[in-house]
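Only one chain is given next, in structure tokens, and it is the form predicted on its own.
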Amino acid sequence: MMRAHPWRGIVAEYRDQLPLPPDVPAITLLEGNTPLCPALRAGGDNPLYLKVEGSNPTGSFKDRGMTVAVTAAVAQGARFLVCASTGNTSASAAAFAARAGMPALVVVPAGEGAVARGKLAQAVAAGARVVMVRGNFDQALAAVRDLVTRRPDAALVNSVNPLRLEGQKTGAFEVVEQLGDAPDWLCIPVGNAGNISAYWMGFCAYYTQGRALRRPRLLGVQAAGAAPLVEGRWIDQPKTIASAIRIGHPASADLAKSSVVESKGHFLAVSDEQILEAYRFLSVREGVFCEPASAASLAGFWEAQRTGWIAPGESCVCVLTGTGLKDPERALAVADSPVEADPTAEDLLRALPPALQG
């Protein structure tokens, strides 16, 4: 869809779709308007598109909801923001707090690998007070929810704040605008389960308004070691290399389950090995660098192809929720090691891969 003006950010572009007063100034980093890239090699017999949410200002989809939540928080007179996070929420909250000129308290799990260093660096760089709790994400979220009951001047900006989901539903609006309609399927990673619910809200809104002719089926993809919605039980000690979806007690579980049922979709779990295979494929074969949790959507798409849930010819959008720069250590761990050479053409030619020798 052609726009008659430069992109203005989520609140300005979709204000008529958001529960905000018309005169509230937006706290924005011009988030949204992310690419929908046709996959050249990953789709097989299915038209496949990649919604590259890592192109948002802080590198993840969280910015869509954060602009709405922080805009409302400022309008309501909050003195500071607070959130629990596996990384991306903390980075986004810190940046939007800085944009609004207010403090932020971000609470993350302690421990090696609990939060990717790229995400932690973003929160620290933006000036947030970062607290590492001796517990997992679910415990951190319980603590901040208790905190805001004691401090009414704090604004909780996790996805349990319904304004976060209102902002995140705009991803679905963009998919419809970019494709001309909803796809047959939307494949999306599921951690705290807010984003899949938000996309369903967005697709339903555009369908009801006649802006889309159909709604997609939802495929919610969890990591096998952190798959409470697949297993039908809480996971007290979730384990996966995909830290962004390492959540055993998703706060939006009920919303997610009802969304998937209503869409006639499915949840499924993929192993860490499947996630890393998709992660590597996206970078090497599609040129799209995402974080491991994002690659779960492609791994789930492939698994659904194998099981026959996604039939040949059906169109699909895989949501890639965050940039690979969030977790650079993982990229270096799975990639080929750099080689050293003297600064001569002869040495560089010898360093070419075998297929290019001779």
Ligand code: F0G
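From 1 onward, residues are counted along the sequence shown. Source: prediction; values computed, not measured.
Just so you know, the form predicted in complex with the named molecule exists too; it's not on screen, but the next bit is about it.
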- Does any heavy atom of G194 come within 4.5 Å of a heavy atom of the named molecule in the model of the complex? yes
- Query: Is N56 one of the residues lying within 4.5 Å of the named molecule in the model of the complex, judged by heavy atom distances?
  - Reply: no
- Contact label in the model of the complex: E291 to the named molecule, heavy atom within 4.5 Å: yes
- Item | the named molecule contact in the model of the complex: A84, any heavy atom under 4.5 Å | yes
- Just give me the single entry in G300, G65, G32, G322 that has a non-hydrogen atom within 4.5 angstroms of the named molecule in the model of the complex. G322
- Assert contact_stretch over 329-337, 304-312, 32-40, 291-299 against the named molecule in the model of the complex, heavy atom within 4.5 Å, equals 291-299
- Item | Partner contacts for 116-145, taking the named molecule in the model of the complex and a 4.5 Å heavy atom cut-off | F137
